[in-house]
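Only one chain is shown below, in structure tokens, and it's the form predicted alone.
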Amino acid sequence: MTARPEGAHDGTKGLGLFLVPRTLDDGSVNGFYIRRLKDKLGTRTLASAEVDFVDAVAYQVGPLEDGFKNAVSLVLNTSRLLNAVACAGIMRRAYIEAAHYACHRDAFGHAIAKYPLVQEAIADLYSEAVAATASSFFIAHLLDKIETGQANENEEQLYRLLVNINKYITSIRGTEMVHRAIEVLGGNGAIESFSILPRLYRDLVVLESWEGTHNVLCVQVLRDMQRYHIHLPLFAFVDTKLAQIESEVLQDDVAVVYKASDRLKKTILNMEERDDSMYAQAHIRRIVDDMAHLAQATLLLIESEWELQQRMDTFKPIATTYFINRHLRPNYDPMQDEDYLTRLAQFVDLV
């Protein structure tokens, strides 16, 4: 926990980081008292409470002046990654629940999985789940390199950027996707005893706020961009990885992501040239959205390339195209896409 020692500075510089054990060496309970449990909307299996500390024993973690810094780097960044992994898992579960229900629920003489509107919901669920998984486990890979001393400076900056962006985008998409899954189940989707979806939906509302609200995360990204230019390693990573993709079937998507990267570079440059802090704060969420989609699309292309090279019976390239069309292809109109219905039906065939 963080606490401000007597006589310490105001603001974050005066916060120290402490470890407060539950029990003391003699087996007695430490000096803390639960004032009340909070009646949360979701994540009820993990209690949240207001706690009073009276003569509690605490152990200082690092120098006092580095308390807030250590809390963010050692605690918040790790929990933001775990929060994103949880969101990715919930999206996957929502896809499984909705897809299997759609294949067994008959309406008007057919399983509802045969209807395009249901197929589109299943496609959204699957593509967002694999994108969240790709970005979250890539960040875990970066963290492993950092903790084992193998990461370079660019990778450390890329981690600092993506861990915040990814927590933001996976929680937003998670809530959106569970809502889509509930829609597939219709009235049954709102019944607590029928499926896990209502609980997952409530949990995700909490996951959206845990470890940093959307606004806090986006403003943190903005500050890091302004102070440390940590968006530059992202563009370098995207350009390098896209250049390494050789599969012919992926080249059209690669070209779209390249162009999306160029557009985003120009958008950020325009924001920097305006040198208007209020303008930047007003629009940073749009920029974070674009950076998240750019990173996830690149990682999906990397995974698709590897699976194609291994000659796996993979669906990843189709899901990647769907994701890129949905988020990055300019002026994409499904109504003008002659392959759209065929692509939707393939998502149901996965079940």
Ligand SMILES: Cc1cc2nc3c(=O)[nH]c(=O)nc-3n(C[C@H](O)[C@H](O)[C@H](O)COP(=O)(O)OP(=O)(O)OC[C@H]3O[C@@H](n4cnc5c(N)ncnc54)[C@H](O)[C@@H]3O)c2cc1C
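These numbers were taken from a predicted model, which means no experiment stands behind them. Note that residue numbering follows the sequence shown and begins at 1.
Here the subject shifts to the form predicted in complex with this ligand, a form of this protein not shown in this document.
Under a 4.5 angstroms non-hydrogen atom cutoff, this ligand in the predicted complex has residue 209 among its neighbouring residues.
Proximity of residue 267 to this ligand in the predicted complex falls outside the 4.5 Å heavy atom cutoff. Not displayed here, this ligand is approached by residue 43 to within 4.5 Å at the level of heavy atoms in the predicted complex. In the predicted complex, this ligand stays beyond 4.5 Å of every heavy atom belonging to residue 148. The candidate spot formed by 48, 213 and 216 lies fully in contact with this ligand in the predicted complex, as each residue has a heavy atom within 4.5 Å of it. Here the chain stands alone, but in the predicted complex its contact with this ligand, taken as any heavy atom within 4.5 Å, falls in 216-224 among 114-122, 233-241, 216-224, 152-160.
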